[in-house]
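Just one chain follows, in the form predicted alone, and it is written as structure tokens.
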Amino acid sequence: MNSLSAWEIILQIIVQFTPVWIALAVTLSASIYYKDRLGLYGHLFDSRVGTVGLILVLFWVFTAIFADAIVTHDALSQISGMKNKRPGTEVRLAAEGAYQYYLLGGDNLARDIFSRMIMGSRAVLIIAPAATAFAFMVGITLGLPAGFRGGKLDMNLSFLANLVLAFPVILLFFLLVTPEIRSTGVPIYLAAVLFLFPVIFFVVLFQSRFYTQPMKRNIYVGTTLVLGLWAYSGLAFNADPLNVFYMEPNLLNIFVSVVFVNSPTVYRIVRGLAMDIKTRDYVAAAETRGEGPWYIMLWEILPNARGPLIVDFCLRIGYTTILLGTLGFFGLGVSPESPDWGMTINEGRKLMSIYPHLAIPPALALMSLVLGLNLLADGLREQSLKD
């Protein structure tokens, strides 16, 4: 049986990533050319740290997008004779037209490690940003009025946030994703509450902005309600008759857990920013013009808090990525056969002393994505302070 040398393996991997290199080149070239028109994103290229972070993040984003074109084998398929094989091992009796090698070797179930690493990026980059975005909508919707209004509303919401934050994050995650909790229906109840907030956020956003233009307001609010409640019924209750919006029970459990755990922290950040910014002159000017409270919160305070929130959003995706990897490592991931990075690392670490190639690729992938998000956040923080 033939095997590829180390240099041949590296060359083949580079070739497999061709769609990613093309997408990166086009995106970065266009971004640098138009950077003066792109606001904070454009200024990011003035920071070396931020640029490196952006490249790492974009690499994995494009890898997730073009995963089907990059993989060499089905991430779930098992090929006889390829169990725990070394990187570059030739596939026995490969079908005509099929790829001839396991570039990063085979795992303990004879599956291609390279393909599983690539498909694992798609799972991470769907769940982490989407769940973080939901958490931000919950935190913003509650944090703005708490910081702007104060009083009993602030006291009650802050008490609830502190109650959740009193639990260690990892333990709270483990508690929420265990099968016993799932059987009680708690994730469904949490989804029923938390998944309403994106709908509420956008309805209030458009209502406050276009309340003097009834035609536009009705169009925007009506569209938001129709699409939002349609998505809400499918994601929270699996009640979408067209099956456009659907979330598997395990995925719903993890998604709700991420939103629930992150929302109180986002709430506290937004509350603090609102309490600071509401004393600025432009807020007083908006109140003098007769603008409503929600207009002031969403169109005066929130845009001026975007710098810290964007930075925290990037950092929080990184934290969520680590948490997802941790859940997968302990067997609480999306599904047992999923190419989840954490689950793949856990499977490989059992044979680490004999076959180190099983755990190293997904571990490096997880590390590089989180490193990119942290560097990107540092670059954004550096540039936002200059604005």
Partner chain sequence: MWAFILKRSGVMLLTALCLTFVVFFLTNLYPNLEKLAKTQGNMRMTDVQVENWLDTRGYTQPLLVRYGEWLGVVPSFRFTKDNGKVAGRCIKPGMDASVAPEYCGVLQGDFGMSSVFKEKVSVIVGKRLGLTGWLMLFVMIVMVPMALIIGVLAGMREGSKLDRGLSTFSIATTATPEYVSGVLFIVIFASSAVGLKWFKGSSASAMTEITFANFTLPVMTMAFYGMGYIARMTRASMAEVMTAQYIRTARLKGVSFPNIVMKHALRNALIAPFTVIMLQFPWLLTGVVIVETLFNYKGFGWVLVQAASNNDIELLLSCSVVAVFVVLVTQLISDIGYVFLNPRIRMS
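Positions refer to the first chain, counted from 1. Predicted, not measured: the structure shown is a model, and the values here were computed from it.
If you look for the form predicted together with its partner chain, you will not find it shown, but the lines that follow are about it.
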Of the listed stretches (35-43, 62-70, 22-30, 318-326), which one has a non-hydrogen atom within 4.5 Å of its partner chain in the model of the complex?
318-326
Taking its partner chain in the model of the complex, would Ile269, Leu273 and Ala284 all count as contacting it (heavy atom within 4.5 Å)?
no
Between Ser80, Thr184, Thr279, Asn243, only one gets a heavy atom within 4.5 angstroms of its partner chain in the model of the complex; which residue is that?
Thr184
Among the candidate residues Pro168, Pro303, Pro214, Gly290, which is the single one with a non-hydrogen atom no more than 4.5 Å from its partner chain in the model of the complex?
Pro168
Is Ala359 a contact residue for its partner chain in the model of the complex, using a 4.5 Å heavy atom cut-off?
yes
Examine Leu163 and determine whether its closest non-hydrogen atom to its partner chain in the model of the complex is within 4.5 angstroms.
yes
May I ask you to check whether Asn374 falls inside a 4.5 Å heavy atom distance of its partner chain in the model of the complex?
yes
Even though the partner isn't displayed, in the model of the complex is Ile9 close enough to its partner chain, meaning a heavy atom within 4.5 Å?
no
